[in-house]
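In structure tokens, the next block holds one chain alone, the form predicted alone.
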């Protein structure tokens, strides 16, 4: 694996906190991987995102121990401006990602490029391409504050994608969206994965994780409890003890196992359930 993000024995405590929010965290995130972070409330998910994007220690101070590297460079030694070109961050709440200084979606998406001093012709071309990519060209002349939550989330993603960062850190993009908005946002995430972007995603909808993610990081009480390929993590017996949800398919399979049915593998996607049950029946000699 070619790790683009590395954490080595990282612990962190906020300036006003009494206890460490992250405790001795070590992990590698491979280039081009879609890695999802899960955990219950106060597990440390957003703090981990703030570390990866450099807000800790550049914005939030506190006590930081250990080493955080992006492309082999210590986060603490990098400038926030340099990190912003390499790492794009999408907030959980799309209503706070909008700049508030632009009156159209087109200008909102162009805002970051303007701040970097990109030539005007390049800005126009890149914004046009991104509006088409995330399917919001029909919103180009709309005021961002007149959009729905799902539309704003797509504008927020477009504003980051247009910067063309190698790494995307996305914090619970579906938390305030309906099913249609969620599907539209995850279509964009899928496109970014296909383009080879490294994606660190905080998400609580396990069926989406099972469908899209390569790896799963499970946090509890500021510690990494599990980290590995998604299916292996869900199949690990220690996952159940953490009290975190399963994908619907896995929850059904585990219920059947508890009732005495032997299954050949743990299905994690809905379309895998039928094959899993068919193989179980064949193993038992039933048609």
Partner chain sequence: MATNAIRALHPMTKFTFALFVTAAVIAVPSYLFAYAMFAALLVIAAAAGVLREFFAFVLKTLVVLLIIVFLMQLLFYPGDDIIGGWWVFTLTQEGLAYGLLLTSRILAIGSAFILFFRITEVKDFVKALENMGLPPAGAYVVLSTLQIIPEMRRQSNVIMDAQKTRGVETEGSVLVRAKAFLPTLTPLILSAIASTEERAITLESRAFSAPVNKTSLHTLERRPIDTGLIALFTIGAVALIVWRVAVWIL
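None of the values given here were measured: they were computed from a predicted structure. Positions refer to the first chain, counted from 1.
Although not depicted, the form predicted in complex with its partner chain is the subject of the following passage.
### Message
Whether residue 187 contacts its partner chain in the model of the complex should be assessed with a 4.5 Å heavy atom distance threshold; does it?
### Response
The answer is no: residue 187 has no heavy atom within 4.5 Å of its partner chain.
### Query
Is residue 135 close enough to its partner chain in the model of the complex to count, meaning some heavy atom within 4.5 Å?
Because no heavy atom of residue 135 falls inside 4.5 Å of its partner chain in the model of the complex, the answer is no.
### Message
Is it the case that residue 131, even though its partner is missing from this view, gets within 4.5 Å of its partner chain in the model of the complex, heavy atoms only?
### Response
No, no contact at 4.5 Å.
### Query
Do residue 116 and its partner chain share at least one heavy atom pair within 4.5 Å in the model of the complex?
Residue-level check for residue 116: yes, a contact with its partner chain.
### Task
Let me know the one among 78, 123, 167, 192 whose heavy atoms come within 4.5 Å of its partner chain in the model of the complex, would you?
Result of the distance check: 123.
### Query
Which one, 67 to 75, 123 to 131, 192 to 200, 213 to 221, holds residues whose non-hydrogen atoms are within 4.5 Å of its partner chain in the model of the complex?
Only one stretch passes the 4.5 Å heavy-atom test: 123 to 131.
### Any residue of 96 to 116 that, in the model of the complex, places a heavy atom within 4.5 Å of its partner chain
Heavy-atom contacts to its partner chain in the model of the complex: 96, 97, 98, 99, 100, 101, 102, 103, 106, 107, 108, 110, 111, 112, 113, 114, 115, 116.
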